[in-house]
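Shown here is one chain on its own, the form predicted alone, set out as structure tokens.
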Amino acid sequence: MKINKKMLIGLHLGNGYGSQSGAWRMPGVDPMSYTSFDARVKQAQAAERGKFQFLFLPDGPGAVMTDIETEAPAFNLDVMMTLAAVARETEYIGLVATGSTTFNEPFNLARQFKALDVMSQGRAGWNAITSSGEDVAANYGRRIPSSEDRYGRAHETIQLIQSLWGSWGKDAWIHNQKTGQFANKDQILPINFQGKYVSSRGPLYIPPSEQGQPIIFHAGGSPNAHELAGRFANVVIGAAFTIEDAKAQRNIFRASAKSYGRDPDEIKYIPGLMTTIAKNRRTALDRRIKLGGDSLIQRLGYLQQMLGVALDPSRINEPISKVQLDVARPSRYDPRSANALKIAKEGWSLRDILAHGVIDYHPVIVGPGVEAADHMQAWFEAGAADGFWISPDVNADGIDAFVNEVVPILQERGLFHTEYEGKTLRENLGVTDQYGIDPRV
């Protein structure tokens, strides 16, 4: 299938160590990276060297997890401060942070994200999501609202924030020292937004950036998410384990955008991909085994459920017997199961099967760069993805490995750009101009 457009690539930037829980203990990793903004800057610069379109920072202001004794929390200290540090030391890469509509006041979100957009010369994106965990709610002294109220507030919040972003007119900032006119007050107006859940008088006192205002992202896969993203988002951060599933999800989001009077091409579907890039499969598996440690064995029970056969922990270094493989069936409750069975039938040991990442949160590439490139090309050309957000196993060397081993192959195949299209996130994602609220919604 011949296509002319290019795929989009983002980098998942979490706690600074990498996507694997053991990343903080790997040789060559600074164990204090968790609190190092310099480390995040260096990682962002590595992604920019690879011409990645954006960084994606999830956020989870919930309770500290129970395994804090041996594992780092999965998130940045503060997403906005992290991206402010990165903005000063990068030039092209987009800066996308998560901000919940459930527990944040719209005026604060509007101000923070537009300030970041101005600071970065038009490279900011807002991953607008609702919060769903009671652990998060407890930190705000609240309970999680109903789904209806969470998404009702989310729809109003995005409209309100975009109204605030547009409340300072495009040409309002005069800053003429000779005449003494700083701004045209007739173009800086209140919005007087009054909804069921949120309200604001406005205006916001920040002029437009080079791209006007931040771009809306959304992460989610529920019917509520389909509707919210279809109405407002230009990019969806997704999770899918098969081409068929990804294609179906992408089509649902595109149909939702169309139902709101938008061109389906205005919404980009970008699923995740986790990577351990090494010279060959064995080297990559050994790296994952070192990263996983004892946690690999702890996952054996779940692998049993996925395959429907009993597995003996004392035989962790042996393949599954042919007798068991003949009766094994992928669980219909877990979309990862078919891949787990496929890997098992290749004859790998139980430890190696788990090291393939068959129970991770996204598809996993464990091997040479060409395998990642092949995966991305297959999904992209099948219409299952507009791009991918990459989660390296260990950031310290995993980002460079992807940039050095995968990106050149994608570029040689004509699938990924060789230079940035412009300096703003809007230009580099191919997103249409918008200032203020979209009049169609």
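Since we're looking at a predicted model, the values are computed, not measured. Don't overthink the numbering: it's just position in the shown sequence, from 1.
Although it is not shown, the form predicted together with a further copy of the same chain is what the next lines describe.
- Using a 4.5 Å cut-off to a further copy of the same chain in the model of the complex, not one of I215, Y260 and A396 places a heavy atom inside that distance.
- Residues within 4.5 angstroms of a further copy of the same chain in the model of the complex, judged by any non-hydrogen atom, belong to 167-175 and to none of the other stretches in 167-175, 327-335, 234-242, 268-276.
- A residue is said to contact a partner when one of its heavy atoms sits within 4.5 Å of a partner heavy atom; Y140 meets this definition for a further copy of the same chain in the model of the complex.
- Under a 4.5 angstroms non-hydrogen atom cutoff, a further copy of the same chain in the model of the complex has R25 among its neighbouring residues.
- Not displayed here, a further copy of the same chain is approached by M32 to within 4.5 Å at the level of heavy atoms in the model of the complex.
- Mapping the unseen interface onto this chain, T283 falls outside it, with no heavy atom inside 4.5 Å of a further copy of the same chain in the model of the complex.
- Residue-level contacts in the model of the complex: of I206, I359, I252, I289, one residue has a heavy atom within 4.5 Å of a further copy of the same chain, and it is I206.
- For the options K322, R315, R88, K342, the one in contact with a further copy of the same chain in the model of the complex, meaning a heavy atom within 4.5 Å, is R88.
- For the stretch 102-118, the set of residues having any non-hydrogen atom within 4.5 angstroms of a further copy of the same chain in the model of the complex comprises F103, N104, E105, F107, N108, R111, Q112, A115, L116, V118, in sequence order.
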